[in-house]
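A lone chain, given as structure tokens: the form predicted on its own.
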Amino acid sequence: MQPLERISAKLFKFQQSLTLSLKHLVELRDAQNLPVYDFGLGETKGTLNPSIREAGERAFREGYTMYSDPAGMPKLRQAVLRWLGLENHYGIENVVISTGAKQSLFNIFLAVCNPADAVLFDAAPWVSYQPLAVAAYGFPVMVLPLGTQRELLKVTADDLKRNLDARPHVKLFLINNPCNPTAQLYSADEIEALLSICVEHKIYFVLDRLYWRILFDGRTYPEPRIDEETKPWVIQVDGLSKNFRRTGGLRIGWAVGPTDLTKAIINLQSHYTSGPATPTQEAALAAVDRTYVSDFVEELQTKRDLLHRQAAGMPHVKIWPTPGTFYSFWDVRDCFGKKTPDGVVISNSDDVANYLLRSEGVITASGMGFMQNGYLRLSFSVSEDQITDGMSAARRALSALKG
């Protein structure tokens, strides 16, 4: 039996998540005592908030380890509505807790897509969007912007409408705001324009808002309009992993949307995970059911500013502004065609990322993983020493390119 016959066609070409594989690279270099500057995986670090840790510990001590509601604990679902400011628009029947935002997205694809239905993404989609859509038998399409927005990789209402007019079997448009990997933030007017197009065409507007608290320079989040016209079509996805320190491995996310959709997702989830682990739901409740403290965001803004200072004038790089998230997005197309000190020609983003890794131990995420050749993504959710030393290492490597 050939390998293609042993593994389903929809999974045969899948590769491991780029961003998660970068964590393995860090571990390998650490084990070999090689220098490493880890700007790869988008993972929050620091110290877990004591109230989150204690809630999980208490759940184990007091025996909260039995099955919960497949949709998630009712008290956590209600807290999620308060966390998102949606308690006046939805009830807990509109909320499904899952094992991370990834599962929430996969639940949505499985619930709404028939085989070969098109799923539209914005211009630099996060690495897991396409594999999740394909596994749900959706047909992934990246909406490429035209005109002045092309260089910003931001989709306009005209771009979205052009794609909808060309494809009669679109089920949803998925946008990440603020965006991983580009760190760009769609404005309230831009979100409204895209949402209105989706409502007009009767497709779902799926808003992945996983980084919605991490906005800099006094910005506020551009909430989508929720009213009787939009409620049948708006789905919002969020989770625990990005807005709090050291919570990525807790694996708790949620989706909020119309009742018929959430009912279908609850039925599905009852069969394939039975719902998230109860102790981690208790930990999540401790995180979201309290006033959000902005010191984490302030710390990240300081690190963003440090990285921009240390990277100023970086050879062959244009560094994008960072209004939100904890990513710096680098245009490295000027590296293409140049040679490394050992004579290797740089041809694409993977080559740039591999060169930085081999020469100086600087780990970045290649834009190829986000369907955008010519770019690198760097996570600055690291120590200030890592930022300072890592930028010096990147500068040494890029200064050595010839031609």
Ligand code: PLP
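On a predicted model such as this, the values are computed, not experimentally measured, just so you know. In case it trips you up, residue 1 is the first one in the sequence shown, and so on.
A second form of this protein, the form predicted in complex with the ligand, is not displayed here; the remarks below concern that form.
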property: Partner proximity in the model of the complex: R251 to the ligand, non-hydrogen atom cutoff 4.5 Å; result: yes
property: 4.5 angstroms heavy atom contact with the ligand in the model of the complex for S241; result: yes
property: The ligand contact in the model of the complex: N176, any heavy atom under 4.5 Å; result: yes
property: G100, heavy atom within 4.5 angstroms of the ligand in the model of the complex; result: yes
property: Position in contact with the ligand when the complex is considered in the model of the complex, options Y129, Y204, F329, F109, heavy atoms within 4.5 Å; result: Y129
property: Proximity to the ligand in the model of the complex, single hit among L76, V155, L105, L195 (heavy atom within 4.5 Å); result: L105
property: Partner-facing stretch of 208-216, 225-233, 276-284, 301-309, counted where any non-hydrogen atom is within 4.5 angstroms of the ligand in the model of the complex; result: 208-216
